[in-house]
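Here's a solo chain for you in structure tokens, the form predicted alone.
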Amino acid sequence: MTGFGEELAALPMEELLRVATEAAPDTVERALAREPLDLFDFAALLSPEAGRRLEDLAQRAHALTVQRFGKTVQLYAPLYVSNECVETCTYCAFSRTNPIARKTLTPEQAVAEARLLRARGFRHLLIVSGEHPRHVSPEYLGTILRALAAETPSLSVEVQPQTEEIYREWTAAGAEGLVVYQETYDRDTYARVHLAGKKKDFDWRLATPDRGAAGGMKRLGIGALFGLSDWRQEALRLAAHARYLVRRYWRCFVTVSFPRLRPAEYADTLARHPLADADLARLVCAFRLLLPDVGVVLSTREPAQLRDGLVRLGVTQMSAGSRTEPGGYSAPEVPTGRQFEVSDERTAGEVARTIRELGFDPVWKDWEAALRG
């Protein structure tokens, strides 16, 4: 193991979890007052005692977010180019054994989707696909990126982990951001839910942000799929990973995300360790206090009312009007397998309007391709 793998193995998880489950009121008070926080302070903010101080947490998180990011929320859209996949993941509809309708967009079809999204206001697109070395090869994705770079100022990828060399080729093709979720940082749970395919390699996936940064990616997005394992353990390891990336790749902008399990066709969507709404809100606040300059991302997995409430607590990026199947924007009536069910079904315009009503500014564009130089 190298990089964060060594730090993950060395984390004092027993001590951290003790604080996260047993912190006394004075320990929580001290964590709320400190700046900067360490991982033990962060653990205290995850404790049941801290749950009684959510209003204090929210006020501090709001003040820090406005101080560091202003009253802005960047909007982006996921653009699914393929649902072909060779992996077997128990929680995902794209899993290779599931009999869903499969589709891979041509470059022309991807451009048509991007143009439709541009007409809706989007200037940040996240290119998403299943993991298939033939249908969704590095060469295919490079072609997609070159085609879309002429249409969209900011492109990020959330696809099968690649080598540093491939990431270098993709940055030259137009990508500037890499998103890769470890799904779960618990090795036993990881082995239980990833049954076949290259994704079974925990350490290869864990080191993906390092390879992306070395390959020239300017934005690094990480996250865990909450519901697969104990949420406090996941949060502590995710926080440690984010701190590592901020420290080591200080030229990159790091974001964190906390997606929760959503219903997905043919998938085992039972959340064995559910994360309640109030705990998700506390998680957003705790991450803001620990990492004031890290972006916090919230997707349309979450219901509209909850998303609106979290805007004030530290969220800086949100997807809107999302479709989770290839071709879903231009042909939503065509039955193609989607990755999971979207909860917030509002249009991008409706989401932007609500953000303004909350006193924040929806940001459609904050990146120029010239900055990649």
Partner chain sequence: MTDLLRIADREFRSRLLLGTGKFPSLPVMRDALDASGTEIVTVTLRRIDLDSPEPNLLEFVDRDRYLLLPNTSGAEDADDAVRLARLARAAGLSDWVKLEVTPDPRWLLPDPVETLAAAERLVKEGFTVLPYIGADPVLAKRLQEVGCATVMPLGAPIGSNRGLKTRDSIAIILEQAEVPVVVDAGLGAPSHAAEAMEMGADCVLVNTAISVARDPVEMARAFRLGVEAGRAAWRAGRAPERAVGEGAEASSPLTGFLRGTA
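Numbering follows the first chain given and starts at 1. Since we're looking at a predicted model, the values are computed, not measured.
Although not depicted, the form predicted in complex with the partner chain is the subject of the following passage.
- Only one of the listed residues (150, 101, 278, 191) places a non-hydrogen atom within 4.5 angstroms of the partner chain in the model of the complex, and that residue is 278.
- Checked against the partner chain in the model of the complex, the candidates 198, 168, 120, 248 yield a single residue with a heavy atom inside 4.5 Å, and that residue is 248.
- Although the partner is absent from this view, residue 59 contacts the partner chain in the model of the complex, with a non-hydrogen atom inside 4.5 angstroms.
- At the 4.5 Å threshold, heavy atoms of residue 331 stay clear of the partner chain in the model of the complex, well away from it.
- Among heavy atoms of residue 34, some come within 4.5 Å of the partner chain in the model of the complex.
- Using a 4.5 angstroms threshold between heavy atoms, residue 306 counts as touching the partner chain in the model of the complex.
- Picking from 323 to 331, 343 to 351, 307 to 315, 42 to 50 the stretch near the partner chain in the model of the complex, with a 4.5 Å limit on heavy atoms, gives 307 to 315.
- Residues of 110 to 125 include none with a non-hydrogen atom no more than 4.5 angstroms from the partner chain in the model of the complex.
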